[in-house]
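The chain that follows stands alone, in the form predicted on its own, written as structure tokens.
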């Protein structure tokens, strides 16, 4: 049988012909407008028109070393194709459209070792670097002259950022920071690309100057020689080993032994250390909030992928002879199968619209912060924490339901469901553990309730507490407009 021409299964064609809504209109809505749909399709045609993203041998059949090397090769090709677009990026609003990130999902079977370079290293420079630092580092990072990652999590500390043990002590005589990993538990751990790939990283460390600790701050640190790629003196770096997933992400560890960097390598948008004294600003956790915001959209996208796979499978899979002599019905026609799949479809769309709203809230708060207003920052932190926890957890659970819906075929790598699940289930933990984030949300709500009882103003998303405190309720009249407005 020839495989040169793809034919669409007749059952899929039948299901699609029964569609009762305007597919193009819905596509535009999901993309954020007609212009965004056209932009996405143009980029897809450009990036995926050739064969560079196709593997002669499936990733699953390669060794760990071969899979990593293949991922690096494809990362270089992908970065080269998108370089003109990347060089246009100047602000965090450039990350508002997920096209580049989602195109990568089509280009890579697993994770690019450059994922944190684009996803955290560059956003941190944009979000926390001074104009002078952005002018110096962004062109290098966007053109891949330097490749970086983000090293915050330590072997002994993750979500509890204030507990990080890595130190950055300012030496006024040499105008340098001395970075040090004082304990085993202070070793930086998990950063993607750190094992063998990157030559720079953002290191989050406790800042000490004049004998006083000013809390955690981000520093740009070169860890490898740009010519030989060997670790620099005072640096120990390597891989952390095989994992449940992310095996091409090149997660690594970093040990700093009284390693010196220039004073100017402290990202100085929110705080700076002058030559002989300190000037301290607010605690900078913008990158963490940014990633949590983007993970809500990521969760929606991956759940939508899993639901698409499961629905297509259910349309063509036939099972059980209900009546003697009649064809076996499509699995999709069984109410129990519909119950599994329709919930996943609806949840994916609800998550995506929520993610769009959260991104709009994030960009508004960013604009407020630039003008010096940080009043809405606590609310954004609570929203990002809550939605990151709920969306990643729900997405993982429903992706597993989609796998169940595909029977034994869902267990095969060729279905893509094991890969999607192993990716999303990790997001439930990294950038804020599920339970800890929900506890942070609860603390925010308890504090908000106390403020409301005291008669103080509440932030926009929790104005409903005013009604509750005053003993009122919103009526429910079942009108469609009323339902949509909620």
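As the structure is a computational prediction, the values presented were derived from the model and not from experiment. Positions refer to the first chain, counted from 1.
Keep in mind the form predicted together with another copy of the chain is missing from the figure; the text below concerns it.
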Problem - Contact test, all of 213, 216 and 290, partner another copy of the chain in the predicted bound form, heavy atom 4.5 Å - result: no
Practice task
Check each of 408, 233, 131, 84 and return the one that places a heavy atom within 4.5 angstroms of another copy of the chain in the predicted bound form.
Solution key: 408
Exercise for the section: Check each of 318, 101, 312, 364 and return the one that places a heavy atom within 4.5 angstroms of another copy of the chain in the predicted bound form. Expected result: 318
Practice task
Classify residue 162 as contacting or not contacting another copy of the chain in the predicted bound form by the rule of any non-hydrogen atom within 4.5 angstroms, answering yes or no.
Solution key: yes
Practice task
Verify the contact flag for residue 69: yes if a non-hydrogen atom of it lies within 4.5 Å of a non-hydrogen atom of another copy of the chain in the predicted bound form, no if not.
Solution key: no
Problem - Partner proximity in the predicted bound form: residue 80 to another copy of the chain, non-hydrogen atom cutoff 4.5 Å - result: no
Handout entry: Contact of residue 242 with another copy of the chain in the predicted bound form (heavy atom, 4.5 Å)
Key = yes
Fill in the blank from the handout: Here the chain appears without its partner; judged in the predicted bound form, the stretch of 34 to 42, 421 to 429, 48 to 56, 449 to 457 with heavy atoms within 4.5 Å of another copy of the chain is 421 to 429
Fill in the blank from the handout: Restricting to 50 to 67, the residues within 4.5 Å of another copy of the chain in the predicted bound form through any heavy atom are 60, 61, 62, 63, 64, 66
